[in-house]
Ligand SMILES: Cc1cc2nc3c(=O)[nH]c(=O)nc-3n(C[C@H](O)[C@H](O)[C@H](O)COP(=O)(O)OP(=O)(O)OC[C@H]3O[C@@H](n4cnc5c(N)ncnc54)[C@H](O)[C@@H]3O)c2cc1C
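Okay, so here's just one chain, in structure tokens, the form predicted on its own.
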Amino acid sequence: MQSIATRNVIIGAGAMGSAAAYRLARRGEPVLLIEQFPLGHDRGSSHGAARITRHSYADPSYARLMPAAFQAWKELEADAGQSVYIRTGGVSFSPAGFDYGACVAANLESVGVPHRRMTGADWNRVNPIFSVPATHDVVFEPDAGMLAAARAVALQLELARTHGGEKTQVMPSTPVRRIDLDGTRPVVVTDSLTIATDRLIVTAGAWVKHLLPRLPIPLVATRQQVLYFRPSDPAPFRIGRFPVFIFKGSGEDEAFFYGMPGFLGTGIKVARHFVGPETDPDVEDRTVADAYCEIVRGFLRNHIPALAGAPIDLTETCLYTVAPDEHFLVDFLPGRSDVIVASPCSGHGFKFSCLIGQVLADMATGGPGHERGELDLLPAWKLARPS
């Protein structure tokens, strides 16, 4: 087996890993990025046409981070000369008397993001494709939209190579068998290489616990199911007319649904955000249950009835890697200033990934955010200091 040494190794080429590689390469740092599957694969959390981006968070910690996240994506677009952000507007709604809408509106006000708060009846008059119960609490954010997910990941990998040249190496289809932390430097072991590195960033999503079994925080990998509906009349659902949406309920399991317009030829994406039973990420299961489809159709019948009976012409599955309270996990491994763990983002991290890549580069190189920087605003990710 061949042995090599390098300065920076990243395990996992999804949203977080590609962003970290891009940011390190921009700084002139050598980068070796290792991915167990082919690049652009659909086995993790970063594939698919689009992901929602928004300032509209009920948790003030994430709302305070979103302006910096939007800025990070703008910087990427300027560097690439390509757009990855699609402005659609976004609506958040919840039952009357539930504090979700009030928290979203208060947080938007606190970060200076334009928005309008209204009732369900008001919203239905503005956008009659919806049939939100009249007393529901609704918040509209005109700057919410979508990020071209697969394109964004591929673009950051391309830019990492452009900026880094020969100093950026990418190894797809290369499973990491173990990480050896017994010595003074982390050692990554694949089937053909042992790689000693000065700094190791683990952005392996649902596989983090496999690689770091002694990680002192519980992480749960769950399989998510996503539906794409094809309405008979697509006009009301096009970008510019149909916003991204978030529904937060107060009933059984505090039901949480989201959706977005069709993009790049896909149908209308609708799914339930649900921290379901734990799954083994190595077991590939693309089954989308009929019972799940009926749950989603039930939500649509009550809120967007024109979609409820539309055929489903595509289904997807993806993985959430959920930390306690659905927060992020981005931190140094306890006792190791040369190992950083990132990317378990509990199903809502893609919109932050470009910013987190910047912070990971700071942490790896001792830059201005190396102590944690802006991410210290987050209420979790205290790996080295578990509560």
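Computed from a prediction, not measured in an experiment: that's the story for all the values here. Residue positions are given as counts along the sequence shown, with the first one as 1.
Separately, the form predicted in complex with this ligand exists; it is not shown, and the next lines address it.
The partner is not drawn, yet in the predicted complex one stretch among 358 to 366, 332 to 340, 22 to 30, 47 to 55 has residues with heavy atoms inside 4.5 Å of this ligand: 47 to 55. Annotated contacts: I11, Q224 and Y258 all touch this ligand in the predicted complex [non-hydrogen atom within 4.5 angstroms].
For the options I34, A323, A69, A63, the one in contact with this ligand in the predicted complex, meaning a heavy atom within 4.5 Å, is I34. For W207, a non-hydrogen atom is located within 4.5 Å of this ligand in the predicted complex, even though that partner is not displayed. Interface residue remark: P175 is counted as part of the site for this ligand in the predicted complex, having a heavy atom within 4.5 Å. Not displayed here, this ligand is kept clear of C354 by more than 4.5 Å at the level of heavy atoms in the predicted complex. Taking non-hydrogen atoms only, H348 approaches this ligand to within 4.5 angstroms in the predicted complex. Contacts to this ligand in the predicted complex (heavy atom within 4.5 Å) from stretch 305 to 332: C318, L319, Y320.
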